[in-house]
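Take a look at this one chain, the form predicted on its own, written out in structure tokens.
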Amino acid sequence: MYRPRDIIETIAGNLRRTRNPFGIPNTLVNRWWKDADLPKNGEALLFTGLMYQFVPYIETATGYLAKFEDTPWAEYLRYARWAPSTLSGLGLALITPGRDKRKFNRTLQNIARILTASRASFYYRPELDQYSGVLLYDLGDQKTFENHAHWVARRLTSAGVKKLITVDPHTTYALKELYPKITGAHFEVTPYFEKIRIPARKTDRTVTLHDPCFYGRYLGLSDVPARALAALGIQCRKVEQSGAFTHCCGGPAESISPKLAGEVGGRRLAQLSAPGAPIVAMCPICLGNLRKLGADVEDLSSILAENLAA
């Protein structure tokens, strides 16, 4: 296990200096919209929080962390916070495979297609789509998280944003529950799967739905994706630990201990594999971690997008 303080200070320093936990310029991270024909006007801002975009970089970074965990080299991580954020961020961007970036860009493009097909009134402005800072909240750096949250909230408020459509549980929880308490800014926050209005087609497909912690335990939204799938004729196998009692995929622990993340994720994968159906995730962190453990797992958006092509 790495010293939590070293990890937290590195991430916090990057976020303060670049508004990105990896120090990568957001213009390099957030490029999915360049290949999508997105509306410029609508009722709600599509707000990705950059979480899906971050997954390829997380996988690259944690791959190196896994190599050096519990070795003498792990001690040198404490010096990482002194490295220029942009320089280290550009290095991470260069060594992260382009095919992985394109794969997660397609996930967001699918979500935009789903919203369009559902006749949801949304628009997208990349300069307003910022990371929520939620990892710092998870790791206990309340001060850095609060400062960043105020910055994001001011940008949204100044732009006249009142409604947000989110795509992942971490960002949804931050904007819906934490931002009002910390910043005083109140937005109407709706996960994209609550906007789905896609005609059903005949199918005998069955899947196992993994409830991420924030949707299942804290936001009480577990039934919504299951109902959306059922409306499309896709049945969900029951998982013993689900809803308010769902178990973690292990992903949030990766930055501190890839080994611990693997152990936690392995237990969850065993639970999800028991029903014997392909696994569907609706969180980029869960998706990445379960795939890393060898799971046959798809993102909820890819299942929904298949219905658009039918």
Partner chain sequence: MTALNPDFAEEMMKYGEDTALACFNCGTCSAICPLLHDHFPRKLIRYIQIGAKDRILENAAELWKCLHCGLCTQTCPREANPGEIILSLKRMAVENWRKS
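Positions refer to the first chain, counted from 1. Everything numeric in this text was worked out from a predicted model, so none of it was measured.
If you look for the form predicted together with the partner chain, you will not find it shown, but the lines that follow are about it.
- Comment: 262-270 is the region of 52-60, 36-44, 262-270, 278-286 lying near the partner chain in the model of the complex, near meaning a non-hydrogen atom within 4.5 Å.
- Among 100, 194, 138, 177, the residue placing a heavy atom within 4.5 Å of the partner chain in the model of the complex is 138.
- Taking the partner from elsewhere, residue 241 is found to have a heavy atom lying within 4.5 Å of the partner chain in the model of the complex.
- Within 4.5 Å of any heavy atom of the partner chain in the model of the complex lies no heavy atom of residue 123.
- The closest non-hydrogen atom of residue 9 lies within 4.5 Å of the partner chain in the model of the complex.
- At the 4.5 Å threshold, heavy atoms of residue 213 reach the partner chain in the model of the complex.
- No residue of the trio 22, 258 and 294 has any heavy atom within 4.5 Å of the partner chain in the model of the complex.
- Residues 241, 244, 245, 246, 247, 248, 250, 252, 253, 256 of 232-256 are found to place at least one heavy atom within 4.5 Å of the partner chain in the model of the complex.
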